[in-house]
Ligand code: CP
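Take a look at this single chain in structure tokens; it is the form predicted alone.
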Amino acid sequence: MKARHFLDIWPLPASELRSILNEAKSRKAARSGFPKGTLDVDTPLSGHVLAMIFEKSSTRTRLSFDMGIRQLGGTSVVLNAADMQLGRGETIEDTAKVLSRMVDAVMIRANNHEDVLKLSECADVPIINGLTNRSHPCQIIADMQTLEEHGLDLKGARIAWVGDGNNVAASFAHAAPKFGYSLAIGTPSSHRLDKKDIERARAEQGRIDEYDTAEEAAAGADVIVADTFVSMGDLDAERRLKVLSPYAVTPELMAIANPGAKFLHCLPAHRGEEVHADVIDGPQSLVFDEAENRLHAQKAILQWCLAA
């Protein structure tokens, strides 16, 4: 049977994504009051091994997948790509074949999206995209879970993305037609979201609106989402901060959105750069619920990939 990969939001049917999201909610509810190390009652992935490969530093992705596979009854092996033969010239094809014979699934946090796609083409086990330069699909499941937990009906909601049109913004665009929200993107012209991502969403009747300012995007929004202005690997920090500083999420920007609008950020955050401390540490912020829900989302993704 062909392996079931979780590489991007856009290729997956809305019904499958809804199933994953509902499973994440159910798993979280079923663990209420449990110590963190207690196994889930049904341990559906007992005996399974997850390999986690990291080309980038990680806190939430590593913790959530490691704790997630443990709670589901399995175990994990953590691999630093630089310490593997992959980092010394072994081909992705050979690496995929070896991993397929030793583990049940692979989560990779990679620099290049094409490498993850190639890994999935050559592997006989599920490959999960833990983040690439093109997208961050696991984050989106946790974000949708968080918003629904706080009472937002995704269908018909208005989500505003402000700042850099990066990989997380791309995944928000991919998810818009799947979950029924409209996406308002406020970016400078030099940091637009890739047109392919916008066109793909619009082809599925997703509403994606592009604006030149954060204020235009935030108007009428139920949620405002931001990310770091300078990410791992960016070599032009000073220029990026100068260009993106007008897109910082301040209390004044939150006031332009709908009353009670929520704030999301995938973390790590830099207070005083992309977001004001009064916002991220204030009552409208859901960032730590969002971070916690990475755990439950990853568990649901693992189950879906392994048909457990």
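Note that the coordinates shown come from a computational prediction; the quantities given were computed from them, not determined experimentally. Residue numbers here begin at 1 and follow the sequence given.
The discussion below concerns the form predicted in complex with phosphoric acid mono(formamide)ester (CP), not included here.
Asker: Sort through 67, 39, 267, 51 and report the residue having a heavy atom within 4.5 Å of phosphoric acid mono(formamide)ester (CP) in the predicted complex.
Answerer: Of the candidates 67, 39, 267, 51, 267 is the one lying within 4.5 Å of phosphoric acid mono(formamide)ester (CP) in the predicted complex.
Asker: Would you kindly say which of 46, 59, 26, 250 lies with a heavy atom within 4.5 Å of phosphoric acid mono(formamide)ester (CP) in the predicted complex?
Answerer: After the contact test, the surviving option is 59.
Asker: At the 4.5 Å heavy atom threshold, is residue 158 in contact with phosphoric acid mono(formamide)ester (CP) in the predicted complex?
Answerer: Result no; residue 158 lies far from phosphoric acid mono(formamide)ester (CP) in the predicted complex.
Asker: Should residue 129 be counted as a contact of phosphoric acid mono(formamide)ester (CP) in the predicted complex, where contact means heavy atoms within 4.5 Å?
Answerer: Although phosphoric acid mono(formamide)ester (CP) is absent here, residue 129 would stay clear of it in the predicted complex, with no heavy atoms inside 4.5 Å.
Asker: Are any of the heavy atoms in residue 171 no more than 4.5 Å from a heavy atom of phosphoric acid mono(formamide)ester (CP) in the predicted complex?
Answerer: Although phosphoric acid mono(formamide)ester (CP) is absent here, residue 171 would stay clear of it in the predicted complex, with no heavy atoms inside 4.5 Å.
Asker: Is the gap between residue 178 and phosphoric acid mono(formamide)ester (CP) in the predicted complex 4.5 Å or less for some heavy atom pair?
Answerer: Although phosphoric acid mono(formamide)ester (CP) is absent here, residue 178 would stay clear of it in the predicted complex, with no heavy atoms inside 4.5 Å.
Asker: Tell me which of 67-75, 134-142, 117-125, 97-105 has residues with heavy atoms within 4.5 angstroms of phosphoric acid mono(formamide)ester (CP) in the predicted complex?
Answerer: Result of the contact check: 134-142.
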